[in-house]
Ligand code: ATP
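Shown below, as structure tokens, is a lone chain in the form predicted alone; questions about how it binds or moves come after it.
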């Protein structure tokens, strides 16, 4: 397709991206939460939106199946943003990557004594780098579901996960103990598309940039 394809994931990123796209005159004609379509036309004939899993957005953009996408910094750090142009921090879907432990667990003492901690996370690479930089020995356990269950069930001593309000941690008697990195969503662009379709992509980027952070 000669037009512009934008890769978005459902949920918070999609909802918070809509006003930014509207600034560029782009409005999806269907709601992905109610439509079964995965390719959604927009108010502009030359622009379509593809609905992808959040972790797949960089892959679609990297390989040119989408020209533009939106991905959380967590996804870009974990899966790599190689070959992607990242011109804008959209300042949406903000949260923090944190280490959390059960209330009452003496994390500092365990670390000081060189204990080998069991840490559950879906962010294996981010967690590995964080603990390696601190010189802390960990066994990383990859999970895809609710991280909060892992310490409660005795699977792990700690978790590494995204924290927004902290209410889920609190409800499960967990405490965020270490900040790893602030997370927000980034605009990502396929580098070949940027060259080949620059006259169409640049105005979109400029329009989005003009409303980011306002």
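Numbering follows the first chain given and starts at 1. Since the model is a prediction, treat every value here as computed from it, not as a measurement.
The same protein has a further form, the form predicted together with the named molecule, not shown here; the description that follows concerns it.
Stretch-level contact analysis of 135 to 143, 91 to 99, 78 to 86, 104 to 112 against the named molecule in the model of the complex, using heavy atoms and a 4.5 Å limit, identifies 91 to 99. The shortest heavy atom separation between residue 128 and the named molecule in the model of the complex exceeds 4.5 Å.
Within this chain, residue 53 lines the site of the named molecule in the model of the complex, having a heavy atom no more than 4.5 Å away. The shortest heavy atom separation between residue 20 and the named molecule in the model of the complex exceeds 4.5 Å. For the chain shown alone, residue 162 is a contact residue for the named molecule in the model of the complex, at least one non-hydrogen atom being within 4.5 angstroms. Contacts between stretch 165 to 184 and the named molecule, counted in the model of the complex as any heavy atom lying within 4.5 Å, involve 183 alone.
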